[in-house]
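Take a look at the structure tokens below, where one protein chain is shown in two forms, each on its own, as structure 1 and structure 2.
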Structure 1
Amino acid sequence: MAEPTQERRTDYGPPHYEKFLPPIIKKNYGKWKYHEILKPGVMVHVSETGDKLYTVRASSGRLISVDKIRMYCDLADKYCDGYLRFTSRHNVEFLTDKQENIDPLIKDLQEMGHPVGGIGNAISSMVHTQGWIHCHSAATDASGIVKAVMDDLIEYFEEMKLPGKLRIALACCLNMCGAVHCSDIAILGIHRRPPKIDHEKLHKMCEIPNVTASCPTAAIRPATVDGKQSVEIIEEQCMFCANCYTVCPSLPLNDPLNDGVSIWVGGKVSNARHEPMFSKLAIPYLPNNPPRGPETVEAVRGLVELWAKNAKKYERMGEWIERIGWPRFFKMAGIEFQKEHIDDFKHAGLTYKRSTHLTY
């Protein structure tokens, strides 16, 4: 570790947000009265004071170079008095009180290759994780699939022609750094084979009690292998969660032949209308097929369009499926219902159909 530098400060926290607020926001802080979506990617917030603040939202793509951030800064200096913000879904937002700046700004953004949209009844940018760019436990890449899926669905980002909001997210393993478990559509990287135990290294790198305790199904037991302290795994009990790998590097699950993605549907976070819901399994397995993962792109588009065609106005994916019922959903989506769709973890019984509310 490098030597600390002089005059070292610690624990001062982030800079105060006030210094980053445009004057119009400072003046109207807490005084906003209503807002309107003017066109895709553009909204206006109107204050009690009569002031108007225009927002232009564009996809950032999440992984951006410092040169791209500088280009955003140039735009913010040109159109927004040097202020900008980002959103919780990796969008970049330009805020201005000058309505005449909107169209030139959009033109510049589009020329830079950053689509404007993601507001209202549209798909916003996908929340996602690091994948093969930076993570040891990734069962699939993240940025590549997201790029391919959003290239395909760009019309739904740039226009507002969906029945309601649609949130898509991707997590490259079950750790779900992208917390995809409450998304309308979630793409989740999965392993399908148990860890390959490195008996040579395990006793040097891992604490065996931690390893055995890490398994949610108690499938890992201490064992002596070739005279070395190690573990054994009851393979039938392994559900490929990779929690053991998180605590012990000598238990890798990555497997190019069997890793892939699963597709989940019907989750939501917002409390609007229906309470928040978890996403549920729609497609248990699709292969990793880099660079563009055509199977995943096609599956996601199919789900988006099925919902778009059949949902009522404002109805989120999960609300629509709840109305029509899961058997109808599987039939309409052309997805074969399999054993994997039925829960077998904790409280699984609560997910069984416990009524005769059936459709035929």
Structure 2
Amino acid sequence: MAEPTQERRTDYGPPHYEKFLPPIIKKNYGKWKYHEILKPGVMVHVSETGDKLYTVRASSGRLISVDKIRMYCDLADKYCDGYLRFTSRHNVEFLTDKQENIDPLIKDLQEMGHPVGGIGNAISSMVHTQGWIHCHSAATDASGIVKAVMDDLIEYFEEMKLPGKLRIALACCLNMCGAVHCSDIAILGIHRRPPKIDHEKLHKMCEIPNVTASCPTAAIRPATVDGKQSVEIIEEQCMFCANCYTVCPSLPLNDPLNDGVSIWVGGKVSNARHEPMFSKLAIPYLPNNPPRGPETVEAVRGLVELWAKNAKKYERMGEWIERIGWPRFFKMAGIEFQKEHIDDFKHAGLTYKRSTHLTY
């Protein structure tokens, strides 16, 4: 009799998430009735079975060491039977079914220097990109500005005194590895000058067809310079995206004098009350001033407090601006209208318009 063939493996990739769920979540999967916020940074989910799962959310850096992860794990072992998770906005959440563990856990987190909050009508931790620490196309720092902004606004993380949720993001260039396209307030690093061409090295280091094909606006074309094969850039068409620099190190884009940040407002992902919204430009340019970026911190605080003072309850930044009108928002914020504010992008306006809200 022939031996049975081994069962073919069809599941490749990361392990299935079910293997890592806390037992209480496995038991009540799909049976949760409601959740409520008990206090800043703490919420409870209640199941049809009566089981309760408590979540404690603390701020965390995006870039953390193995030592820090071990500290988190020690707390999870001590209070949460070893279970924790990270959110998409770099918060760390501890999950427990024991209510008596909440306050001791919060005390230990605060002693470690990790404030608890970011749930409900508060600022969550900022999602951000690599920045200068690990990106070749970054126009600004990421970790430094995020740390400075959150230090300044920490009261709005630890308390729930804002009208509604506030999500802040930072992307260090317009390729947007961060969620700046759909955040209430977004900080976006910008280049303002086209790449510098190193004609001496370009033909040795780069494949010219790849370089020309990398440009989304067709601003790069082949050229012969001093008898050497190279490229030329039509500056009027350059959008400073650094795609060319990604494939060709002879086209550096970084410029200490002209690089900086812009501030965008009004985006959101939520479908509540209003369909999702894209962020729109508020402040076209602020200079890089590392490591704390005081100009950026001041601008963000001004926008947060302006919205907090004038918005209705649960009204997001973009909903408030839409209600009062952009001209009035610019006037209230003291922002001078400039040519960069002209929004003439119409491509795929309907193709990308997908929502539960029937507004057209």
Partner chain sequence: MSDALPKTPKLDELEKGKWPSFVTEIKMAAKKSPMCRDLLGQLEQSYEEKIGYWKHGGIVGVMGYGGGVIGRYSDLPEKYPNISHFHTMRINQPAGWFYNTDALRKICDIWEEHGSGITNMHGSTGDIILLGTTTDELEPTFSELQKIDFDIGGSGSDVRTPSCCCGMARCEWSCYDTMKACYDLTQAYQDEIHRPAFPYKFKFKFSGCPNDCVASMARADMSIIGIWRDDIQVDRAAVTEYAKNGMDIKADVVDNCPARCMDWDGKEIHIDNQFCRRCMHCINVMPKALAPGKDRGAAILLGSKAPIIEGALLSSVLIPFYKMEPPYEELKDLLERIWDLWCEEGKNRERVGEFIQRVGMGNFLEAIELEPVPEMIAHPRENPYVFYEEYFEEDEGEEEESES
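Predicted model only: the values in this text are computed from it and were never measured. What we label the rigid core is the largest C-alpha set whose atoms superpose within 1.5 Å from one form to the other. For residue numbers, the reference is structure 1: its sequence is counted from 1.
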property: Either 1 or 2, the form predicted in complex with the partner chain; result: 1
property: Rigid part of residue 229 equals that of residue 326 between the two structures; result: no
property: Whole-degree rotation of one rigid part against the other between the two structures; result: 11
property: Cα displacement of residue 239 between the two structures, core-superposed (Å); result: 3.0
